[in-house]
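Given as structure tokens, the chain that follows is alone and in the form predicted alone.
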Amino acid sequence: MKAIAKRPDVDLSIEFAGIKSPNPFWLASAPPTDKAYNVERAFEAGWGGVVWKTLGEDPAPVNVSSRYSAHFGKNREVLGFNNIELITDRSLETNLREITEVKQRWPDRALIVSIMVPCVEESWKAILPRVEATGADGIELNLGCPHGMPERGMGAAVGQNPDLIEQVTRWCKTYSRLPVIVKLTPNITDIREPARAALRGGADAVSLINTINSITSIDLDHMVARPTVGHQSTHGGYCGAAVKPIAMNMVAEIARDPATRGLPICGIGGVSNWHDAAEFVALGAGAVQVCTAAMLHGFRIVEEMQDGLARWMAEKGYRRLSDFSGKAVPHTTDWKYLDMNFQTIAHIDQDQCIQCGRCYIACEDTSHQSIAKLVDEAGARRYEVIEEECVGCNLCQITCPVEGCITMVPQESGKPYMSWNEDPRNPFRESA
């Protein structure tokens, strides 16, 4: 058994919803956690925990072929990943036996079992004791699968109904002593409602996000979406780096909601490196789950994740994750509370500027015409910000290919903080 490497001055171990783990990096419930072989390879590589691929009732569902597609960048970089795979297609007995064996061999790692059965009390009552008997550390309720299972009254069909979320969570707390983590679907208008429902049902934690409804691409020769099954396709679940901004927003919404404040959150969605993980933790997550990055690059990526996070924490003086968990939450608010008197102006570092003109083109064509293109007698170009026209939108900084060349400089306005609600230009402002 490989031991997790110790890092001086930094302790990456966590206790999440009563579940201990040597580090916060867990593999999400997905193909990489479908069998003992994969899970043990993951533990050997250094993962702190896994969420076993979702178990269901026998007979197990039948998966289709093919199952995956992707949204690619210019250099064939996978920006987003799509799947139409269902829960485990192996028997419940086989999975339970392997979970028992793995937990016995790796007692120091977190092993959570994902479950999805029909929204019937007897179904949950029957499976929960069998899962608990494996020695698993906790259960995760898969209430978010967006394809295949909703047609059977499970997955997102439950996760989009707060009453059912509360009911199923309560059944799990009634028939199991294990910590209950409720996995939430992002395919909903307000993520706070299902989180509140889970808490009402007695959830020990929530995890999010599950995958997003998606069609990644169309085969224009055959006029069918990918992945293609025969001559047809369907929407699938979207994950990977592209969903990270959506996931972080939903994590923050729950973390700053007074009704769910203090509810442990496991962040999922586009975690590809230590920096991604640190951002989720700063927004209130106590652990993170990874899937797509591991599928694209293998289990060894966890080594860089642990090392990078530990080095950054040591540099910042953080001893444990709890030292910075949620630190960004107080600075996350509703738009109406932002300071209307704050102003920032772009500044171009001429020593770093390569005179490509991308900032000028972007601003001139699509923004506020606040960058001047100057050409001297020799034909040399130079770009300068017209400060009185700049609104501080950040577009020039985003389009600039040289990191640090364009910075946004806060201005001293001399005006006090004023929210939109206090702004006399707001016809909808609330009376005091």
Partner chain sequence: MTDSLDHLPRAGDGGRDAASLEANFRDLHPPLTQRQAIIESQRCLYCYDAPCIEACPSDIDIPRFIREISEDNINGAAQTILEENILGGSCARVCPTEILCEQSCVRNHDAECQPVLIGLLQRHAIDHMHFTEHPFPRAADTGRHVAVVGAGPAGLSCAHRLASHGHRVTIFEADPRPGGLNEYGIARYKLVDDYAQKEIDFLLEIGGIEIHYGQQLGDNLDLATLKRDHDAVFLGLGLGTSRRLGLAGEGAPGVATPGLMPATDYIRTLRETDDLSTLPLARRCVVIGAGNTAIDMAVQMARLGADEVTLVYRRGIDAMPATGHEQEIARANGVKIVTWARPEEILLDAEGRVAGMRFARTQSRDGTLMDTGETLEIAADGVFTAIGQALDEAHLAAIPGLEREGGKVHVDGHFRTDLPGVYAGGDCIALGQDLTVQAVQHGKLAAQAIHQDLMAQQEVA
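Numbering follows the first chain given and starts at 1. Fair warning: this is a prediction, and the values are worked out from it, not measured in the lab.
Just so you know, the form predicted together with its partner chain exists too; it's not on screen, but the next bit is about it.
- Proximity of residue 189 to its partner chain in the model of the complex: non-hydrogen atoms within 4.5 Å are absent; the residue sits far from the partner.
- Using a 4.5 angstroms limit between non-hydrogen atoms, residue 357 touches its partner chain in the model of the complex.
- At the 4.5 Å threshold, heavy atoms of residue 368 stay clear of its partner chain in the model of the complex, well away from it.
- Although the partner is absent here, residue 381 lies within 4.5 Å of its partner chain in the model of the complex, judged by heavy atoms.
- Contact with its partner chain in the model of the complex, defined as a heavy atom within 4.5 Å, holds for exactly one of 41, 67, 373, 35, namely 373.
- For the candidate set 361, 225, 119, 340, a heavy atom within 4.5 Å of its partner chain in the model of the complex is found for exactly one residue, namely 361.
- Heavy atoms within 4.5 Å of its partner chain in the model of the complex are found in exactly one of 302-310, 72-80, 180-188, 248-256, that being 72-80.
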